[in-house]
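Next up is one chain by itself, shown in structure tokens, the form predicted on its own.
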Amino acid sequence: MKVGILGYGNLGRGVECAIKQNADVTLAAVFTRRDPSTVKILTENVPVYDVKDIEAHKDEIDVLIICGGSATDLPKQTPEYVKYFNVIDSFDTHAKIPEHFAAVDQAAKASGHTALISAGWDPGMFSLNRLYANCILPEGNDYTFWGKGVSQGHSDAIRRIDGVKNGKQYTIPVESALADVRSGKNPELTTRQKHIRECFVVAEEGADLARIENEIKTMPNYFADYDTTVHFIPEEELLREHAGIPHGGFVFRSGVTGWNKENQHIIEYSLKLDSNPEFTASVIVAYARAIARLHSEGVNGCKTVFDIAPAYLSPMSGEELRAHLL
């Protein structure tokens, strides 16, 4: 399978690393909005092209992996490039998934290509586990916790505040809430009761620290609904202690079975990730394999992880899967 990467940031580099670990996948090209001569990739003898020239390479690539951001890039890029390629993205604005799906599906069917949106761990692997658990335990409650991990969107929001030079924000599950869910108490949890937010901020010299802290803690849609802690630290400490992009989380389904609902069950799926973008990239490459296979079978239009049979993700044959993994 010949793959193209559009966008060479954290996710694009993660995709390149994932390709190296999949013997049946080859990196064919990288496309960038930057000057291609300034983009140095890890794979030898693979060209880097200006994104303006991407259409000229439509016959050289089986699947184009689009590594843009969900806020402004993917709503435009995925419907556009599915006109020329089979595509996959990691669109993660949950509330806007239906409208993104509709736009990509229309363009994919018109061009005869196959697309998959929202591949990753949430949406993605967490979505699958929510679906499986709901089907198995139809009477019950769902719980999703994120962290401990770096929220890149919240970190960006901190850095936009006047007087902030740099910053990182961690989303952390509330341990007592986790314990209540694991014990089967089926608690009703508010936003504040499920997660806390911890911020590490490098302030510019002479900045008003009290004002910055207040702006963070009262920021609507980001911090106002959470218990938030702000730490002001030197930049060298931030770079030394908070350079990574870890993340993870938990999906629970607490349900009952039996004629009189006398037996309780807890389903728990968890992830602990050293690198959010590299794990996301690994999920994407597996689903890119599925998209290439579906296209070869004559399937077009847009799909999500809900539509893909697990066998399509694996390089193993059906016989191998039944012998080793079933």
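Start at 1 and count along the sequence shown; that's the residue number. Nothing here was measured: the structure is a model prediction, and the numbers come from that model.
There is also a form predicted together with another copy of the chain; it is not shown, and the following applies to it.
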* Asked: Do Leu321 and another copy of the chain come within 4.5 Å of each other in the predicted complex, heavy atoms counted?
  -> yes
* Taking the shortest heavy atom distance, is Ser270 within 4.5 Å of another copy of the chain in the predicted complex? -> yes
* Asked: Is Pro138 close enough to touch another copy of the chain in the predicted complex, meaning at least one heavy atom pair within 4.5 Å?
  -> yes
* Asked: Would Val283 count as touching another copy of the chain in the predicted complex under a 4.5 Å heavy atom rule?
  -> yes
* Of the options Val256, Ile196, Met219, Ile233, which one has a non-hydrogen atom that comes within 4.5 Å of another copy of the chain in the predicted complex? -> Val256
* Only one of Lys148, Lys83, Lys165, Arg182 has a non-hydrogen atom within 4.5 angstroms of another copy of the chain in the predicted complex; which is it? -> Arg182
* Only one of 75-83, 155-163, 95-103, 205-213 gets a heavy atom within 4.5 Å of another copy of the chain in the predicted complex; which is it? -> 95-103
* Asked: Going through 278-317 from first to last, which residues have a non-hydrogen atom within 4.5 Å of another copy of the chain in the predicted complex?
  -> Glu278, Phe279, Ser282, Val283, Ala286, Tyr287, Thr304, Val305, Phe306, Asp307, Ile308, Ala309, Pro310, Ala311, Leu313, Ser314
